[in-house]
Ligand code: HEC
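For reference, the chain that follows is the form predicted alone, supplied as structure tokens.
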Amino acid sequence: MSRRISIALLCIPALAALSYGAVFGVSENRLRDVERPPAFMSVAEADSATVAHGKHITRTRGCFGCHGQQLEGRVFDEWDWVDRAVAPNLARVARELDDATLEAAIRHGIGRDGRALWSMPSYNFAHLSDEDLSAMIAFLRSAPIVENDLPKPRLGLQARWWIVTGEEDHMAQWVMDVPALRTNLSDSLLKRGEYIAMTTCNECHGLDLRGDWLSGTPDLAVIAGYTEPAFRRLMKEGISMAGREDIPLMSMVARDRFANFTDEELAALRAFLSSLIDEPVPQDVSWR
């Protein structure tokens, strides 16, 4: 083997290490280049009514689905592209962290270490009201801690490369992309429905609810074609208007989360989603 080839072979590991270091450094810089929001202070007393309401918010917004039915946390082995995504033990974390740190993670996608989160869907909670967020925190702190030995999350090279190239954004950026709630809704039923939809449905159906073509979820203006009984069946049982019982993801989510919505919440949600049929679909957005 010639001297030049030997030198070249010796350089390969060094170049690989330098490349990884560059990707790691740039991605870390972007994860840390976020501004923490003003410190949040809970606005509700942690009485029994508040805790019960907090449990309702926690259930309907999907926290049990990701963090375990006992809030014990779980590892998302199916998300190998992240390397290791871990939903923490919420009952324990809620006791360890103060209100401001919890709020920054839930509504702004910023972790306890000041870095942007990667797999927490904070964009789904960006419009969560102070009252509902306070109730959620109160409930989480009241929930019994179920011990669960969880590994530390780890962001792998592929995910970091996507951050560097702009192919994917971190959660703090996604939160900034969430459309504002409308200011022209005078009907209280529609306003209530918009609030529910924009803290529930935009997790899967695009930040504006008009469909996420990347994941294949439909424009929720389709609800205009649902009768009240058909919509209730969809939300409570996960069964489509055509009688399908295994709608990808939706059937599972409906039975775990949406079945807990009250009749009044479902009426408001249906009214608002049906009204989308008369609205233009925003173009040039990253999720379509």
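A residue's number is simply how far along the shown sequence it sits, counting from 1. All figures in this text were calculated on a predicted structure; none of them were measured in a lab.
What follows is about the form predicted together with ligand HEC, which we do not show.
- Distance criterion of 4.5 Å from any heavy atom to ligand HEC in the model of the complex singles out I247 from the list A46, V43, A259, I247.
- The contact residue chosen from A100, I145, M176, V86 relative to ligand HEC in the model of the complex is V86, the criterion being a non-hydrogen atom within 4.5 angstroms.
- Shown alone here, L31 lies farther than 4.5 Å from ligand HEC in the model of the complex, counting heavy atoms only.
- A residue is said to contact a partner when one of its heavy atoms sits within 4.5 Å of a partner heavy atom; P218 meets this definition for ligand HEC in the model of the complex.
- Using a 4.5 angstroms limit between non-hydrogen atoms, F139 is distant from ligand HEC in the model of the complex.
- Ligand HEC is not shown here, and in the model of the complex it never comes within 4.5 Å of any heavy atom of G73.
- Contact here is defined as any heavy atom lying within 4.5 Å of ligand HEC in the model of the complex, and by that definition each of R61, W79 and G111 is a contact residue.
- Contacts between 97 to 134 and ligand HEC, taken as any heavy atom within 4.5 Å in the model of the complex, involve L102, A105, I106, G111, R112, L117, W118, S119, M120, P121, F125.
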